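Next comes just one chain, in structure tokens: the form predicted on its own.
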Amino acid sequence: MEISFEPLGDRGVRIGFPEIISQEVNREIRAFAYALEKEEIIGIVEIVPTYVAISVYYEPKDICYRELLSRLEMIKEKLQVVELPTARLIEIPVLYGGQGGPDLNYVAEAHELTVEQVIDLHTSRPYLVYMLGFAPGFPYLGGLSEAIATPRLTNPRPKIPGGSVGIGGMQTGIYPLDAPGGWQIIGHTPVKMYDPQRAEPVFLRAGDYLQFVAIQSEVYQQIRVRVERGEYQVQIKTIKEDEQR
């Protein structure tokens, strides 16, 4: 797989991969980022994986560009033998429709489906977390069924509540906190994707798999109360990556 390096300003390097959004490219990106983290190179201050690249930010007084480039080349050469850690499959409960999912009916009508069919399709498969971005902990999820892929709103909303589950084109995701946005909002989860008070504020990681689970209003309220009390435990399983291909 073609991998390139180029300067990113005066304190960064862009590691470029094929310009294709795919599980294969994503695996290579995660493998490179994982290997880079394990190297613990002095001077690197942040590693940011995206759909088709990794941005590496460094402190020039601790490591120069040429030295960093040399270390990156070494990782590239042994990338094929990097073994990723076991993936997590995380179940996220969602109350679909109602006030928390104002666009569910529109998505159903746009595809000549019933609301129940949209929910069934949205919960029918695990989604790969390709990357996090836009807002702290916002997951870009791959694997949405084409049958419910829906364009973004023409006029974005100035405020979408945190926990909102939406569809934007061929992607689906969860707003981790209140933010403007143009995705079609079809439901809401009481689980906090981002909480600055947690030891790990961002709940999801690139490489996780996420499974939406439809719940009723009564269960939603019960989970919401338990989340606020710090008592709710999200269901997490470990899986082999090959099981999801």
Partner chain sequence: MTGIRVVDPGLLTTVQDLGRIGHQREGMVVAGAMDPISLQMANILVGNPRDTASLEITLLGPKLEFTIDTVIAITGADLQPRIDGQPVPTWCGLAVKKGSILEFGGIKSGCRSYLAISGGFELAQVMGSSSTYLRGQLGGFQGRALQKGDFLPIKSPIIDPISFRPRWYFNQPVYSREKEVRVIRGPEFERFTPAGITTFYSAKYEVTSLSDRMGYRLKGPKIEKQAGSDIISDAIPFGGIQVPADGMPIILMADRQTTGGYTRIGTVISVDLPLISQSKPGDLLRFCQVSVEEAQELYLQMEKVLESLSEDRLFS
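Residue numbers count along the first chain shown, from 1. Treat the numbers as computed from the prediction; the structure is a model and nothing was measured.
Keep in mind that the form predicted in complex with the partner chain is not shown, yet the notes after this line are about it.
Only one listed stretch (146 to 154, 159 to 167, 133 to 141, 98 to 106) carries heavy atoms within 4.5 Å of the partner chain in the predicted bound form, and that stretch is 133 to 141. Contact check at 4.5 Å (heavy atoms) against the partner chain in the predicted bound form: all three of 14, 52 and 58 pass.
Interface membership of residue 8, defined by any non-hydrogen atom within 4.5 Å of the partner chain in the predicted bound form, is confirmed. The partner chain in the predicted bound form comes within 4.5 Å of no heavy atom belonging to residue 35. Though the partner is left out of this view, residue 21 does reach within 4.5 Å of the partner chain in the predicted bound form, counting heavy atoms only.
Using a 4.5 Å cutoff between non-hydrogen atoms, residue 39 does not count as a contact of the partner chain in the predicted bound form.
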